[in-house]
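Only one chain is given next, in structure tokens, and it is the form predicted on its own.
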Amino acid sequence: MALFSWEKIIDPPQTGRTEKPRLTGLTMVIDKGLPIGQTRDWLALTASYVDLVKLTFGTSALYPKPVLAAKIQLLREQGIGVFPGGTLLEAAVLQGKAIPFLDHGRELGFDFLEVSDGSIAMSPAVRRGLIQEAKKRGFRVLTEVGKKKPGTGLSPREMRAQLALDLEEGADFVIIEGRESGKGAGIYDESGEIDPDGLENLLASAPWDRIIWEAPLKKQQLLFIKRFGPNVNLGNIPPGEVLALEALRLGLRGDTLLPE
């Protein structure tokens, strides 16, 4: 990957970074409500490094419809997939409106969909049906594994089983829950640490290139980059942290400058 402003002056210390459009090394950004003008300015700086944007929680429901459609179009023109947060679909499931939700999502221009049950109970049949109905409508499907509330989490073995089942049912990628904080949810404890043995248990026979790790904290990003290399899929990255993450992937920060 060329270093734009420093091209032909220095090369990335860490090599092998994939370029867009890519299937590995995805960066998924969590957007909590960037105005469209700020989004345009942000993309002028970061579009080469962003693959997916999640309009998180239920925030997309609060946009004026023309603004939402315009923002989705703006992102997609930069080769960035866009999807509403899984919690919004969970609300639709609770209200018995999942199918209208899918149809309306396509009308708005979303090209990805997240199927999750981080806050609600969802039967395997409902989860499978949502994946299938989304695929029928042309969505690329992301599922999410893990619970948001402390004390309700799945074991690594349970998460691995759900991951394998989702991929078998047609999910393109599986997100491992980490929330926006990276603490006290999914695979993380209250301080944002991950149990190495639990990680390896989760990964047993799992295709790491089909997993997106929610990793909003630098220490989590560093752990996964050191474990899997620069082309690990990372999610819930704040908009202002995209360049810092890319620098970490490329060895342009002290943490990854030198090989271990």
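These numbers come from a predicted model, not from an experiment. The first residue of the sequence shown is number 1, and the count goes up from there.
Omitted here: the form predicted in complex with another copy of the chain. The next part is about that form.
Of the heavy atoms in residue 173, none are within 4.5 Å of another copy of the chain in the predicted bound form.
Mapping the unseen interface onto this chain, residue 156 falls outside it, with no heavy atom inside 4.5 Å of another copy of the chain in the predicted bound form. Shown alone here, residue 87 lies within 4.5 Å of another copy of the chain in the predicted bound form, counting heavy atoms only. Another copy of the chain in the predicted bound form is not approached by residue 188, whose heavy atoms all lie more than 4.5 angstroms from it. Residues 76, 145 and 201 are none of them found to lie within 4.5 Å of another copy of the chain in the predicted bound form, as judged by heavy atom distances. 97 is the sole member of 128, 140, 97, 137 with a non-hydrogen atom within 4.5 Å of another copy of the chain in the predicted bound form. The contact residue chosen from 223, 34, 194, 217 relative to another copy of the chain in the predicted bound form is 34, the criterion being a non-hydrogen atom within 4.5 angstroms.
If you take 64 to 79 and check each residue for a heavy atom within 4.5 Å of another copy of the chain in the predicted bound form, you get 64, 65, 67, 68, in sequence order.
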